[in-house]
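Just the one chain here, the form predicted on its own, laid out as structure tokens.
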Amino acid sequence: MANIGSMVLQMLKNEISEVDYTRYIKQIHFNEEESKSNSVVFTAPNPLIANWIRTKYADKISHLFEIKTGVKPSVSINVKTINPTSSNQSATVLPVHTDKIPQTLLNPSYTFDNFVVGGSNNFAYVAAKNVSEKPGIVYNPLFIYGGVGLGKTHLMQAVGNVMLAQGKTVIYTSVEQFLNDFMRHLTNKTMDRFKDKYRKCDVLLIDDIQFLSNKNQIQEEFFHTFDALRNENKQIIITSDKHPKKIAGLEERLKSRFEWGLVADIQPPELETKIEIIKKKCEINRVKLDKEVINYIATIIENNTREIEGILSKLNAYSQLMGVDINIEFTRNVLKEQMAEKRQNITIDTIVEIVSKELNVKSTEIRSKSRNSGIVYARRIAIYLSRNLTPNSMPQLAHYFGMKDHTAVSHTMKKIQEIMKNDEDFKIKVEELSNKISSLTSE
């Protein structure tokens, strides 16, 4: 059977990009001992690669096995790691399951323990934790809203995983999946089965409710599903990218019901929270990064913390392929194209405007000759960022900021670099401003 595993990976190689094969597929190995005709097992060197393959190619691998054997197996990607307590350095294997729990699509890694709490998400976290302890009693429904990649789905599924562990029937679905399910049952004239599925569960988790907008028929069905569940004290948790009142094309009676329980928002994470999220992701995925690299990544990611997984995966893949450790120089080099894309169309005016808002000074003051310490501080940062983020020469910057000549700009650059070298907090603040400017101008 080992040859079948190798053949399947070779077949997969012919259907995917060379980069994906080299970075990920090439690093997994078929486990003949644990594999059966209806369930095949591969081992990966770390969770990042395991999770990436599981998400992107597990179904494809299963299909290729079916082509070769006539049986479509489940696919598990296990993580092989070294047990440091073992005298002979024997390997232990941690399972990364791909089998879906019946009636759910919950991610078992979404738990309260690995959710990083900060000022931006504390309210939503506490609300979700309370719901997990008293489902159907407090905050029903719980409506969580915020931007992409801020942790709404994580919190929602954390509640679901708690309920699942207690033997409750949990359904997690997106509006799109709910709609597709509805249309399929409607076409097949099996609506009784649809209603039984969604109205007899203990917990209903529904993602991206904003996509109900202007879909009258499905809104009607969801309205009745909502009422049926709440009348039976079954817990409902909903996520959206905006407050219920601001969802256009949504019936007023639904908006009203969404506010019956508790509406909690999640704001973009502050720098400290982003740093803690990166540390947690490194711990989960067993990736070792030093403080300087962690701080740098925290400053370049935008509000979407999902970027972290992609960055860690990219750094880890490049590190293994090139056989080098991940340090700050390596990180900057690997991510330089990503940063370059963000820095298109940046002007000095934009930099001054953003710096003035962030540091609470007027943009006209930054360009003035004022010696006020706060204004000098902001002016130096604006000059430093303008030199690094725009193609303007030092004489051009001197003219813009009303300075004597380019030597004054050079002096400012050296001063900022000296402060950044000796003050880690200041360095992080400047880099965070740099990324914020890059992000805003690339939208």
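Just so we're on the same page, rigid core means the largest C-alpha set that superposes within 1.5 Å between forms. Quantities reported herein were computed from a predicted structural model and do not represent experimental measurements. The first residue of the sequence shown is number 1, and the count goes up from there.
This next part talks about the form predicted in complex with a small molecule, which is not shown.
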In this chain shown alone, the residue from 73, 149, 261, 244 with a heavy atom within 4.5 Å of the small molecule in the predicted bound form is 149
Could you work out which of 313, 78, 174, 153 is the residue within 4.5 angstroms of the small molecule in the predicted bound form, going by heavy atoms? 153
Any chance residue 281 has a heavy atom within 4.5 Å of the small molecule in the predicted bound form? yes
Is residue 121 close to the small molecule in the predicted bound form, meaning a heavy atom pair under 4.5 Å apart or at it? yes
Answer with yes or no whether residue 220 is in contact with the small molecule in the predicted bound form, where contact means some heavy atom within 4.5 Å. no
The small molecule contact at residue 305 in the predicted bound form, heavy atom, 4.5 Å: yes
Kindly indicate whether 110, 116 and 277 are, all three, within 4.5 angstroms of the small molecule in the predicted bound form, using heavy atoms. yes
Where does the small molecule sit in the predicted bound form: which of 181 to 189, 141 to 149, 230 to 238, 158 to 166, heavy atoms within 4.5 Å? 141 to 149
Residue 20: CA shift of at least 2 Å between this form and the one not shown after core fit? yes
With a shift of at least 3 angstroms, figure out whether the C-alpha spacing between residue 16 and residue 321 grows or shrinks in the predicted bound form: closer or farther? farther
So the C-alpha spacing of residue 321 and residue 20 changes by 3 Å or more in the predicted bound form; is that change toward closer or farther than shown? farther
